[in-house]
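Given as structure tokens, the chain that follows is alone and in the form predicted on its own.
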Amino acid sequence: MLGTPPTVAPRPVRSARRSRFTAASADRHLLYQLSVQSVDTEAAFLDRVHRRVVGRRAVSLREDFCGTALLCAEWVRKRPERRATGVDLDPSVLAWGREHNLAPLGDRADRVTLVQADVRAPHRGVHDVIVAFNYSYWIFRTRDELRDYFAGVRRALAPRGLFFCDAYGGTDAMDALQESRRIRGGFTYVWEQARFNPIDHDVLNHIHFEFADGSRMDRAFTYAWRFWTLPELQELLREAGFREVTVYWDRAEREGEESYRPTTRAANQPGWLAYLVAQR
């Protein structure tokens, strides 16, 4: 479960429960979902791009590093023919997702399969769409490791299938900083960029939560990554065998809106978020 840097234009946030959150009573996974994820927007984006590129609706989704599988749940909830597979190493987070995100789906939960495994391990079946969102794949620190992961993704895609991943950057992205964003429902999301090493692009980031009663949940989530750039990612995807790689950049003109479109040139910003879409 990873976080969206607030230096990047934030995704829309769902309304939180009206009860007051405190550090003692709040569930960190729920706080993350409320402050970081916008799976309805992401599912619509996946569907729109797949229809435009491939010419039909995507049916099967694999969510790598799925965490609580919120995107898997949203994917099958929207259309009855859809299937989803979520892959994650952490059994406790998968269990949380089954209870809080899949169980409320009722019979629709039967169309979601959660797998406790390394995303690099071979998995049965092929998929129209595979995603690795919230910079989860940045856990791979060498070109060989990341290329091997991308190659495994390609093998698991259906003919002309699409792989989606995201990346962030900008002039502030390589600085130590701490930024806050108020979330509806009575708490504050805090993104901390604790360390950046320009020699090897080693980064250490934390997510904290602050509450109206003055309490604070420190380091609710911590991420030790390699900071990957868009040119590196495009090169590695092509080296892994993808025939086409496209960067989708936010072209929205109004603050608070999003409009990701294929882009080859863009002005740098203090913080930006982009998607890469690779076709098998």
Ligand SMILES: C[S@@+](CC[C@H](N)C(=O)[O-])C[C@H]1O[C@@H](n2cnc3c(N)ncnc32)[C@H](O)[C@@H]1O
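Keep in mind that what you see is a predicted model, and the values were worked out from it rather than measured. Start at 1 with the first residue shown and count on from there.
The same protein also has a form predicted together with this ligand, omitted here; what follows describes it.
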Q: Could you check which residue among D172, D118, D202, D148 gets a heavy atom within 4.5 Å of this ligand in the predicted bound form?
A: D118
Q: Identify, from the list W191, W96, W138, F133, the residue with a heavy atom within 4.5 Å of this ligand in the predicted bound form.
A: F133
Q: Evaluate D90 for contact with this ligand in the predicted bound form, applying a 4.5 angstroms cut-off between non-hydrogen atoms, and reply yes or no.
A: yes
Q. Is there a heavy atom of Y32 lying 4.5 Å or less from a heavy atom of this ligand in the predicted bound form?
A. yes
Q: Using the partner position in the predicted bound form, report whether Y223 sits within 4.5 Å of this ligand, counting heavy atoms only.
A: yes
**Q.** this ligand contact in the predicted bound form: F65, any heavy atom under 4.5 Å
**A.** yes
Q) Which of these stretches, 173-181, 98-106, 150-158, 118-126, has heavy atoms within 4.5 Å of this ligand in the predicted bound form? A) 118-126
